[in-house]
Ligand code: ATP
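We begin with a single chain expressed as structure tokens, specifically the form predicted alone.
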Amino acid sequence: MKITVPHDVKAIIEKLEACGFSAYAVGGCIRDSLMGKQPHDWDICTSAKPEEILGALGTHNIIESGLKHGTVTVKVNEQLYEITTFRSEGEYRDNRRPESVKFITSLKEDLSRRDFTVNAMAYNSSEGLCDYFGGESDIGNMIIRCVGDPDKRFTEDALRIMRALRFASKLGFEIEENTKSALRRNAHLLKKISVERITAELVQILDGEFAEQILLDYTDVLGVFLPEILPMVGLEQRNPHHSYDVWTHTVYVIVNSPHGKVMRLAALLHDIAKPRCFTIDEKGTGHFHGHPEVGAKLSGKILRRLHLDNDTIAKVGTLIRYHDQRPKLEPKYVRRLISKTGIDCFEPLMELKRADAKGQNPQTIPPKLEYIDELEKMFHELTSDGNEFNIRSLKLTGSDLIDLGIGEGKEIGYYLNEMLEMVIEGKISNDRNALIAEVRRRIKDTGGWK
């Protein structure tokens, strides 16, 4: 199997070989190459020790921050390449990183410490593919398998549990049975991993092309750090609009949502409060009154716990809060929804509503999608002039009101909100002269705002 190695990577390998060391491209770049994909990064492993790497390559454009663990980063033509000395690892006491590393000269021993067979291959042009653990075969059979003892691999570094799910979600691979069993046995160790690492992997799992089966099959694993999803599993909705339990519906919404962190997190959490809001009426029909508002608040707590940024938390909360609203297809009702969501969140909200509809009773889907199309069409018509139906877009300012003799901050706020309400209701156009005339009329008729 011949792999096309970038010129700069080949040059680095050849410089190390010229000094008497062995060197290979290694890991994910080999996996991606064998799958016919363009690798994003090229990593190199070598028998040279860090100081010998520096001797072979010189110190120009070298980043030495990883020398303790045997990694040298070199910058070539604005591209960074990590070069790591073959190594074995000491005891893992925190289920994440080894207490010590020992530099070795055996490529096979170095590859034996890696996570999965598909990532434990190396290549150079003189030796070709070095595959001691069946990685190429596992790629062909679309399998994720640990190198060696899976329990050992996961107890060494519990983040590998999330990486296994991420690879399966991204690549569409099956997780091999022994690896799957060990993954579940050791899932509790995820509690020892930093929240930031967990969240980064979760976002990629949600965004995978093959996320559906992973989310359905490994809910118990995700529930270790997202316990709020577990009551959703098996909760039948007992409602003519729904054919699936809450979790299955949620998974369908996720995979029908556009890719991206905000959309996929909003889909994951859009019905997170349904178990808390579930009631059954006298006819035996299930209801979830208030779940969007409760869910928006709960999602904020969850996303803060996962250390998401404030912008993401705010956008996800807005999408969840309004995902179930069905305003009448009349301008004033649509304007009011635009005012609540903000113009930037309105179209993402339409996408979430479409995904939500696609995860419901198949018989109810077509009219719901037609309604959403009409709602979005009206949104574009109402905002074609740039009007966002908020104070910021109002063609009346605080300075205008001061010029009219209104001096108190509360009074200014009152008139701005009153004029915005009239614009939303369609009782007045968002025109500066018209708005000023209306304020003057009110002052004359009422003598003030109180």
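For every residue, the number given is its place in the sequence shown, counted from 1. Please read these numbers as outputs of a predicted model, since none were measured by experiment.
Separately, the form predicted together with adenosine-5'-triphosphate exists; it is not shown, and the next lines address it.
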Note: adenosine-5'-triphosphate not shown here; in the predicted bound form, the stretch from 138-146, 162-170, 178-186, 247-255 having heavy atoms within 4.5 Å of it is 162-170
In this chain shown alone, the residue from 323, 87, 114, 368 with a heavy atom within 4.5 Å of adenosine-5'-triphosphate in the predicted bound form is 114
Residue within 4.5 Å of adenosine-5'-triphosphate in the predicted bound form by heavy atom, from 392, 410, 40, 60, is 40
Applying a 4.5 Å heavy atom distance criterion, does residue 119 contact adenosine-5'-triphosphate in the predicted bound form? yes
For residue 55, is any heavy atom within 4.5 Å of adenosine-5'-triphosphate in the predicted bound form, or not? no
**Prompt:** Can you check whether residue 31 is within 4.5 Å of adenosine-5'-triphosphate in the predicted bound form, heavy atom basis?
**Reply:** yes
Open item on the list: Is it the case that residue 376, even though its partner is missing from this view, gets within 4.5 Å of adenosine-5'-triphosphate in the predicted bound form, heavy atoms only?
Closed with: no
